[in-house]
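Given next, in structure tokens, is a single chain: the form predicted on its own.
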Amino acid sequence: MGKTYKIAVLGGDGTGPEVTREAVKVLEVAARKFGFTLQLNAYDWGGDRYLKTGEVLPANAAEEMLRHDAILLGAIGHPEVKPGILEKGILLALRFALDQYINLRPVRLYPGVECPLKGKGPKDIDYVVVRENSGDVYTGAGGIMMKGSPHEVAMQNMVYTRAQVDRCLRWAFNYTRKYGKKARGVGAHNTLALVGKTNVLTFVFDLWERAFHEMGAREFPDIKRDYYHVDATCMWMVKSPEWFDVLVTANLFGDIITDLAAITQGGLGIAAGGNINPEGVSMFEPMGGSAPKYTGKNVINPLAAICAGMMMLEHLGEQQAAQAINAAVSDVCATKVKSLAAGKMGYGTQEVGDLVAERV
């Protein structure tokens, strides 16, 4: 008898519930095939609920999520709600409350998916970004003084503790040891590269760089270490993405470079990520937004949400099921969908979900 996993499902806003339904469809097929059970609990947290009740999250939201093994999220963002209210009130609130201190972003170009980089294919775009997810300017340290006056001052501080940096680096080193290019049989060695800005942000990235090399030399001598400035990283993501294996970086830089990485793998319609607490409850989501203009039209691409579900199964230890979904997505991209853009796939949202589920 297989395991039973309790999964919180947050469809969210706009097309979020539509793509989440397709992810759940695929997950349920995988569960039946590979002999485990998913107990799915749906929550209506998002813009519609906020507009009706004035409440972004109930007071017991984090406690409720702790009763689950993982969270599957659709999308957050409502056209009638001021930007920042839902994003900070739901996404950041849950990340911080559940201490999901790792943001994991695989960057993988599937066969058949059009890449905007000339001459680059699936073998070239196959790396991972590990983004620290609990510190940096996102913590809200800072403020505004003399607001509205000619002398207004705004501050938002990049803040890191050694403990935050160390736990992120240790997770990234361990991930590289297990999933780096050498471990996957596609490279000569496993390489973890720190992405920073040591020439300008000399306090924060002095801490990151010292911790990186001290930990690497002491605990992970088998892993090759490298360092890239964040601006150079952006250039190399376009010019030579095949150089990368696993990248680790701070919260703000990770937020920026993962969107650049997403477009090189075909766009936000295929990009998925995980907000991970290795000792607690993790949350998996498509990288794209809620796309409200496509709501209810059955045209939005569900593959990113399906890939988020795949990441969730991998995290839960259901490796065979995750591999089957990955193979199914790869086949659908290579042989069926014409484009990853909404309305241009050659199939509707539900039909793409059906194609992946059939292949699983």
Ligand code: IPM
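This is a predicted model, so every value here is computed, not measured. Numbers for residues come from their place in the sequence shown, where the first is 1.
Just so it is clear, the following notes concern the form predicted in complex with 3-isopropylmalic acid (IPM), a form of the same protein that is not shown.
From the list 192 to 200, 276 to 284, 171 to 179, 88 to 96, the contact stretch for 3-isopropylmalic acid (IPM) in the predicted bound form under a 4.5 Å heavy atom rule is 88 to 96. Interface residue remark: residue 255 is counted as part of the site for 3-isopropylmalic acid (IPM) in the predicted bound form, having a heavy atom within 4.5 Å. A residue is said to contact a partner when one of its heavy atoms sits within 4.5 Å of a partner heavy atom; residue 138 meets this definition for 3-isopropylmalic acid (IPM) in the predicted bound form. Although the partner is absent here, residue 108 is not a contact residue: none of its heavy atoms lies within 4.5 angstroms of 3-isopropylmalic acid (IPM) in the predicted bound form. Contacts with 3-isopropylmalic acid (IPM) in the predicted bound form, taken as any heavy atom within 4.5 Å, map within 121 to 135 to 131 alone.
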